[in-house]
Every structure is written in structure tokens, then in C-alpha cells.
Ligand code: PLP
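One chain is shown next in C-alpha cells, namely the form predicted on its own.
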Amino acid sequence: MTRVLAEHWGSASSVHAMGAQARAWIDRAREQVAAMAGCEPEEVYFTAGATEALNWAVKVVGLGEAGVPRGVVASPIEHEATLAACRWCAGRGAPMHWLPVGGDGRARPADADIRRSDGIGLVVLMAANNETGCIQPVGDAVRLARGAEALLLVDAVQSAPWGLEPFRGSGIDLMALSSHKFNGPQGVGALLIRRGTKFASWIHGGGQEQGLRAGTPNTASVVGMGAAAAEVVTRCGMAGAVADLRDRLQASLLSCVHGVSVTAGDEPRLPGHLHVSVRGVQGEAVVMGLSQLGVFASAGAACSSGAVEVSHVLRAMGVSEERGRGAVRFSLGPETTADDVGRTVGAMTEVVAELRALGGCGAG
């Protein structure tokens, strides 16, 4: 990225030599992301992040051709970016259908009562939940979308760092990715659009990204995303070790901190996710106390930190108000060590004890 900023800062849309150099860097990054996702380079459309990619996909399909709204099927545990885009479409006449969700944190596409005659344009399902890490039944969503003759959008933001099922031949039509989730820079992502899918632009004003996404590309960030994508295979090779550390952290918290319960602990989860609830304290208070000790966690979804209400994911799972208010999420990665786990357990023990000693301060 530094080299691009210093030496290849020409606009990739320009025809001169510096523009050609910038285009070459972007083309290489597109190939790297395509190799990670198992798709063709021309199926990769760079965006300013997954939030843009999700909004683009939901709004274009939800509004339908010629402004005639199409039905959208989504799970209530999707990321807020997806849910907000769905609500936006619903406000403009697009019928919304919600998938049932079990107490295990998994959506139930197979149980959805959707017919071909319902006029569904889009089915949306995340590959893995951003709060609980629970892996979702994408195969069932593929079958639901095909039966409804609708497109399928998969939010792969959380699953991409740990390996993706190849986009090619998966039955998925659209997929959202975010660079910073697999160690790339923030503020850049991609929407994968299956070749042959009829799709419209959402940002107008230029012919970039095969005419579908206008705007001078952020070449350095795109290059950073490509470089990070090329390293995902190495990260995937460490998934087992990360899951072992996650399991060690889980067992230690259950043993050392009274009143801890694990969310979706018996379900298939991403290796780096651990979502717990601590009885009698608020998750926000726990997170602030941990931060003072150099341990950084999240109360609920990271994008909604600061909110004290129970997250929409836990509500959809039927989690009680008291348990939901004590929710804390830990994220582990290849850089996490056994010492980190031990330090986190010690910090949690100290913080929870202090909060409880305050006679209800931070209590749910």
C-alpha cells in the first residue's frame, strides 16, 4: 500500500501510463480476491466495504426492475447493515419475509413458507453470525432461493477469514466481503456478482467496476485487500489452533467466573468466536473494566457498542433480557497466544468480582 501511495498514485480510470500502472495493481488485487473466494476476477466488484456491498445488493434487488418492488427474505439475525437496507426497501413497498430462528442461533431456511408465486426477488443469509459465530445453513438457503426463483445474497464477512466454500458452483448469486476482517485495510470490501446475473448500478457517475460502481477507486486500499486475501490460506491453516485456544478460554471462564453461560456453545461456530453472558452484571461494564486491564472485548456486536439494550440477535434467539444484558463477545485470531487467554481469564475474574462487590453497580 505504501508503494502504491508513493509511486503509483495515478487514477486507474486514466489512459496515460500512470493510470495503466494503477489499473495493473487493481487487476492483480482482483485476481487475488477471486482466488480466495473461488470465483472469476470479473465477478469481483470492489466497494467501500461490506456495508456498501450489502446495501447495494439488497436495495437493487428489493426495488426491482423499473421500480417495481420485489419480495426479500432475510433472517432477523443479519448484520444491521442488511437489516437497515431491508427496512429501507420495505418502506418503499417491498414485501419482507423473515426466516425463523432457533434458540441455537441458527436461521431455519428449510422451515420458511415461501412459494414461487410470492414474487420473491432476493433471499439473504449470513454464512456465520457476527455476534455468536454460529455457522448458518447456507445450503438450505440455496434451495429456498432456487425454489422461489430468487437470487441468493450471502454475507460472508465473518466466514471469509477462515475459508470460503468456492463461490463458483455454490448456487450463491451475490456475496459480500470486508477487507479488514482478514487483516486488510478498513474501508474497502467487495460484492461478488455471479457471471450472467442481471444487476444494476447503485452509485452512478462513471464507468468504473465494469460500469456498475462509479467512482475513482481507492487503489492503495484495494491493493491492501488483495494482499490480505492472498494470505488467507495461511490463516485458514491455523483455524484448528485458534479453536483450541477458544475452547481453553471457554472452559476457563466457566470454571473461574461464577454465573457465566456460553451462547450457542454446542453449535458449529467460527474458530475465533466466543460469546458468553455473565449473570448479574452488564456486558458494557465488563467490557470497560477489561479495557482498563488491556483486554479488548465487545458487548454484543462491535458495531453497536455503547448500546445497553439486548442485541437483535439475542432477541431473535429468545435469550432473556437479564442474560442478554450480560453478553460479552471475545474474538481470537492467529495472533492470540495461550498467555493472552490466561490474562483474559484473570482480567474477567477481577472485573466481574469488582462489579459484583459494588452492590449492583452494572447489574442487569
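Keep in mind that this is a model prediction, so the values were computed, not measured. Residue positions are given as counts along the sequence shown, with the first one as 1.
Same protein, other form: the form predicted in complex with the named molecule, not shown, and the subject of what follows.
R106 near the named molecule in the predicted complex, any heavy atom under 4.5 Å?
Answer no; every heavy atom of R106 is more than 4.5 Å from the named molecule in the predicted complex.
H79: heavy atom within 4.5 Å of the named molecule in the predicted complex?
H79 belongs to the contact set for the named molecule.
L125 versus the named molecule, in the predicted complex: is there a non-hydrogen atom within 4.5 Å?
Although the named molecule is absent here, L125 would stay clear of it in the predicted complex, with no heavy atoms inside 4.5 Å.
Although the partner isn't part of this model, could you tell me whether V33 comes within 4.5 Å of the named molecule in the predicted complex, counting any heavy atom of the residue?
Residue-level check for V33: no, no contact with the named molecule.
For the spot marked by Q282, V310 and S320, is every residue within 4.5 Å of the named molecule in the predicted complex through some heavy atom?
No, the whole trio is out of contact, none within 4.5 Å by any heavy atom.
Within 4.5 Å, heavy atoms only, one stretch in 151-159, 258-266, 193-201, 210-218 touches the named molecule in the predicted complex. Which?
Careful reading of the contacts points to 151-159.
Sort through V328, L54, A29, V44 and report the residue having a heavy atom within 4.5 Å of the named molecule in the predicted complex.
Contact residue from the list: L54.
Can you pick out, from Q136, T132, S75, S178, the residue that has a heavy atom within 4.5 Å of the named molecule in the predicted complex?
Filtering the options by heavy-atom distance leaves S178.
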